[in-house]
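One chain is shown next in structure tokens, namely the form predicted on its own.
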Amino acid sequence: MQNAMLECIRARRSTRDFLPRQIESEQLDALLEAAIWAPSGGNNQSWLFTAIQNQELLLRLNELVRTGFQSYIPDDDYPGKHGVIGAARREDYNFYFHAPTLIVASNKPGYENAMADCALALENIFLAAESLGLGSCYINQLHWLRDDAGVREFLFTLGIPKEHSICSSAAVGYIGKPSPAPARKENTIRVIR
């Protein structure tokens, strides 16, 4: 079956090489509008999307993330969590891949669906970005460092409530180098009729 939405889903890639040019204000508005139209548990809509486009602030946040990972202890065996500790020691490490825009998704504390609601909204952002000719990437690092004092204090200065759970983020910008389509794994679908 073919239609514009299915083609958009198939075309979307995780971009890790962005051009330094900032996205247009209208594009950012469209991405944020797409986010708030995502479904949420019980229609709570308790999320907050904070878009950071100031490059000095993004670089400061990156330094706090690099510092945070020096004392970070992963709580599971996810390879990305273990790999980032070494990667963050490199001078050239940038957790948001130098994207000109970072959208941080946070949600109210103690809310069971906080992560799911924000993930649904971020997927809307990723699909909207694809439809606008922009690249995007799901970023976990702020979620992993959600309890790091330096990161949290800085995010608070940007208007993210201290009590909010940092769910995840979206790096967004113009694509520098397109990412190839990874193969889809087999045996991931089961239909029972």
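This one's a predicted model, so the numbers in the text were calculated from it and none came from an experiment. The first residue of the sequence shown is number 1, and the count goes up from there.
Although not depicted, the form predicted together with a small molecule is the subject of the following passage.
Checking 61-69, 138-146, 42-50, 29-37 against the small molecule in the predicted complex, the stretch whose residues place heavy atoms within 4.5 Å of it is 138-146. With a 4.5 Å cutoff on heavy atoms, K185 does not count as touching the small molecule in the predicted complex; it lies far away.
Shown alone here, Q22 lies farther than 4.5 Å from the small molecule in the predicted complex, counting heavy atoms only. Under a 4.5 angstroms non-hydrogen atom cutoff, the small molecule in the predicted complex has F97 among its neighbouring residues.
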